[in-house]
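A lone chain, given as structure tokens: the form predicted alone.
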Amino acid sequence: MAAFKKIAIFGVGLIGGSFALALKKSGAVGEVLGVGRRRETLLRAAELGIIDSHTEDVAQAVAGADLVLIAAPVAQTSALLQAIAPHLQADTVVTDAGSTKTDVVAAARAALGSKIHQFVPGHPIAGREQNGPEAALFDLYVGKKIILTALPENPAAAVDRVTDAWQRCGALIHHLTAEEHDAVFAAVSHLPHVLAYALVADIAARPDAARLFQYAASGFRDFTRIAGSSPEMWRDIALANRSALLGELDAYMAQLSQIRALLDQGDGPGLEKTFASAQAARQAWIAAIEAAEQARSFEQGGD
């Protein structure tokens, strides 16, 4: 018997669709029901085998579900939780995949009230610049981190149910508070996306943009890859984590100002010292990632 009789997914694109495909491949779910704003998206998800059925009726979606995943842009989370709340049965657990957490927790408390214990906030650290059901991959989460920012009200059984679902997708579970999560990801995820968008927008707005893009090569492509991500999603993330992101932008601008001053002064040794420090930090980070991957491979019986 499948571990989950029914899972309802609000948002059947890259994140929700990959979650569904992974659980279906593992044989962990009996039925995956999709809910979305666009009927054509739901029909496409059904054609691709991501979902078994779909509906626009929230009551029908939630009824009998073991688990509900909200995988829509974070700005939609509050409205979705308000729609779900009246129909939420006592044995159903709700989680999300939003890239910000303090705003989601606040929205959940307001929408769910006494049912807040049934909501376990989460964030899968995985993605691609492509969007929509076509971008979904059954192995997107294999070896990737899933951050759970469990609430004091969450019973262990609710956290365990969400943990079990993500682990069946091949993911690694980590735990942070909502505040810790937003501070960390403002620095290492939200800021890089803003910078990538800003650079491409700057080049695109220049009179000689076509010539500049003509000669842009792998360095520009690698740096700006994430500017191909969903503008709607990243608009919502930036606004939702505005305070922490503003702090990170200020810190980054201060660093740029220091580099500009070194360049203006023709200070080669100073520039090299700054670049070398960054290089060493990146090499240490990559080495740590590779060591962790080797350790996981060994634990799983790999070479």
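Given the structure is predicted, the values throughout are model-derived calculations rather than measurements. Numbers follow the displayed sequence, beginning with 1.
Note that the form predicted in complex with another copy of the chain isn't included here; everything after this is about it.
Using a 4.5 angstroms heavy atom cutoff to another copy of the chain in the predicted bound form, none of F138, R161 and T163 count as contacting. Of the candidate stretches 201 to 209, 89 to 97, 151 to 159, 73 to 81, only 201 to 209 has residues with heavy atoms within 4.5 Å of another copy of the chain in the predicted bound form. Comment: another copy of the chain is not present in this chain, but in the predicted bound form one of L245, V68, I50, L42 has a heavy atom within 4.5 Å of it, namely L245. Here is the short version: of A46, A238, A28, V58, the single residue with a heavy atom within 4.5 Å of another copy of the chain in the predicted bound form is A238. Although the partner is absent from this view, L249 contacts another copy of the chain in the predicted bound form, with a non-hydrogen atom inside 4.5 angstroms. When contacts are judged by a 4.5 Å heavy atom cut-off, E134 does not count as touching another copy of the chain in the predicted bound form. Taking the partner from the other structure, another copy of the chain in the predicted bound form has no heavy atom within 4.5 Å of any heavy atom of H117. Remark: G143 does not count among the residues lining another copy of the chain in the predicted bound form, judged by a heavy atom distance of 4.5 Å or less. Shown without its partner, the chain has G219, F220, R221, D222, F223, T224, R225, I226, A227, G228, S229, S230, P231, E232, W234, R235, A238, L239 in segment 219 to 240 as residues with a non-hydrogen atom within 4.5 angstroms of another copy of the chain in the predicted bound form.
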